[in-house]
Structures are given as structure tokens and as C-alpha cells.
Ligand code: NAD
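A single chain, nothing else alongside it, follows as C-alpha cells in the form predicted on its own.
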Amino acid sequence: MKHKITLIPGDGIGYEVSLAAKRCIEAAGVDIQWEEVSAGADAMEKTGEILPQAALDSIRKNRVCLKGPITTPIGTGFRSVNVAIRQALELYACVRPAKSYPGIKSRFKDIDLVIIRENSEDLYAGIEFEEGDPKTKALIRRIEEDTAKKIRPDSGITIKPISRFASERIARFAFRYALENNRKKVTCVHKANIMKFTDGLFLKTCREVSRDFAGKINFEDTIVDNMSMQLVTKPNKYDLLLLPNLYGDIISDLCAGLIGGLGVAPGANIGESAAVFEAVHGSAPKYKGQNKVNPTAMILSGVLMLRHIKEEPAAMKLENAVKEVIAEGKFVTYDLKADPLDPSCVGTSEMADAVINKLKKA
């Protein structure tokens, strides 16, 4: 089957890791027609827009996008191009697997976690009031009148909306994902003991949804600070973690640390009508053009994409090829060597070549 997929190469190291992933995906035997569009710092230089409408239109049309890391230029209207894409396309579910691969340096073994993060609300909704602004001062006065709680007049304020609708939507997504991917337990992570009307609503809604899956998927909940401690002491106790936006961002990076770092951490942002697949790491502009960085996270994001478009045999082939290259440790980037100064380390494109050679032999 032929697939038409949007490709946003990104900037910084984005082009290099995106090209590596694209080559590997094609070598896995999938028939893809790529529609390349730009976004981020490079798009700003070319078009004057950080997030051109053409990029969003392409994703809406094709429904699937592979996106490289993007730099958000300082001093522009966007807090984050990545967040803007998720909000514009209503990509409400962030999926970030954290899986151990033999050959990667880590204090932990046999990690196999999935983080499901609500993508649309919470403190990342972007509802902020700047210190000293008249609207902020008015809001402070209103809050003090309604709650009898004092707020320092020189405060900045961020609003944390969490709705029943979005909480139920992400909870159902997480439980369906668990069923479809042979996950046995969902752990809701929250701070409902303190934030009773926001995190409390998230927890209450997740509990209600869990009843529809009783006997199929186990359910538990834990407070986010305790979860942080548990993950670095007993990570193998957990299976799928379900979190609001901010905690999901933080905990997913913690879980990336369990498996060796962001260089091996893939991600997906999924909505009802579109999905964008991207590495969890950033654009690292200082390494641009050096053919140095690890392409694994981007290639594994491609694996997630292949599974999403129902190309499971190709996804499995590609994941196994990556696994073999990493396990052998011969054609890997410096960060995957026991000694980062090992002169035998290879570059981004050479590691992709090694994966492709494995695919040819599969």
C-alpha cells in the first residue's frame, strides 16, 4: 500500500536525523510518497513564518507527519513551535515509549514503559499573565476577593486548566492503547492531594474510565513525587503511565534517563484526524552539520509511525535492525560507545547505513 506522508526535516540537527530516519524507513520496504515542508528557524529565514500555514495544511491533508527537531527562535510570538503544532492540529495524546536495548549504557535493564501524556491543557495551555501588567493586577485583586488568599503584587501568573472532557479523552486513549498493545496496567500519576480541583478532577475521571476496562486492564494511581522516586528504585513495577501535560513532560524525560538518554527516546503526538511522530530530544543547533548525533530516537519514531499506518512487519524489521546495530556496538555514534572518545565511533549517516545493511539482510 502506498502512503503519502508529510516530512518536516526541522532545523539544527533535524535535517540530519530526519534524513537518516527517512532512508531507514524506505529501506524497510514501505512505499511512501513524502511531501516535504518546512517549519521552525529555517522556515522563518525563508518565509518570515515560524509555522507556515502550508505545513499545517500538509499534515491535515496527509494525516501523518514525520517531524525532525525544531528550534523556536527567541523573541517571537510562539512559546514553542512543537506546542503550536499540537494545539493547531488537536494532537491531544503524546505517546513516549521508554524501552531498554542491549548495548546502551544505563544503570537499569529490561525497562519497557509507555508514557501517555495529555497534550492540550494544564500549565502548557499558555494562559499567562505577566508581572506588572494591569490585567495581572486586576486578576490578583479578583483572586484575593474570591479566595481571601494574598498574592504578592509583583507576581506572574499561569492558569492551569484541566477539564473533564480532556481527562476522559486521554484516559480512554490510554486504556485503548493498553488493550491494543498488550499492556496490563495503567498508572495514573497526579498531585491530587494538593491540587484537588484540577489534578483531583483528572484522577477522578481516570478512575471512572478505568471501570469500563475492569477485568481487562489493572488500574492504580500514585502521586507524582512518589512516582519519581519509584521510577529510579523500582521501574519494572510499572507498565503504562497516564499523566497530565506538565508531569508527562517531566516524567517522560526521567524515563528516557532510565534507558540511556534522549538519544534513544521516540515520541508521537496523536489526535482524531492527524498524527505527528518526532524524537523527544531538541534541535541541538551547536551540532548542526557535524554528522555527529545519534539518529536512534528519530528512527524509532519512524517505527512508531509505521505501526500507526498499519505497517507492522516493516516496523518490526526496522526496530530489530536498530536493536542489532546497537547490540553489536560497532557502527554507532559516540554517545553509544563505552568511551565517547572511542575513535571507532561513526556519524549519523554511517549509523543509518548500518541499520539499512541489516534491513537488506533481513
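Just so we're clear, the structure is a prediction, and the values are computed from it rather than from any experiment. From 1 onward, residues are counted along the sequence shown.
What follows is about the form predicted together with this ligand, which we do not show.
Q: Select, from the options 287 to 295, 105 to 113, 191 to 199, 173 to 181, the stretch whose residues sit within 4.5 angstroms of this ligand in the model of the complex by heavy atom distance.
A: Going by heavy atoms within 4.5 Å, the stretch is 287 to 295.
Q: Tell me, yes or no, whether His281 is in contact with this ligand in the model of the complex, where a contact means a heavy atom of each within 4.5 Å.
A: Yes, His281 lies within 4.5 Å of this ligand in the model of the complex.
Q: Can you tell me whether Ile13 touches this ligand? I mean in the model of the complex, with a 4.5 angstroms heavy atom cut-off.
A: Contact with this ligand, yes.
Q: Tell me, yes or no, whether Tyr334 is in contact with this ligand in the model of the complex, where a contact means a heavy atom of each within 4.5 Å.
A: Taking the distances in the model of the complex, the answer for Tyr334 is yes, it comes within 4.5 Å of this ligand.
Q: In the model of the complex, does Ile251 come within 4.5 Å of this ligand, counting heavy atoms only?
A: The answer is no: Ile251 has no heavy atom within 4.5 Å of this ligand.
Q: Quick one: from Ser210, Asn245, Ser100, Thr72, grab the residue that has a heavy atom within 4.5 Å of this ligand in the model of the complex.
A: By the 4.5 Å heavy-atom cutoff, the listed residue in contact is Thr72.
Q: Would you mind picking the one in Ser120, Thr187, Thr205, Asn82 that has a heavy atom within 4.5 Å of this ligand in the model of the complex?
A: Selected option: Asn82.
Q: Let me know which residues along 222 to 242 have a heavy atom within 4.5 Å of this ligand in the model of the complex, or say none if there are none.
A: Not one residue comes within 4.5 Å of the partner.
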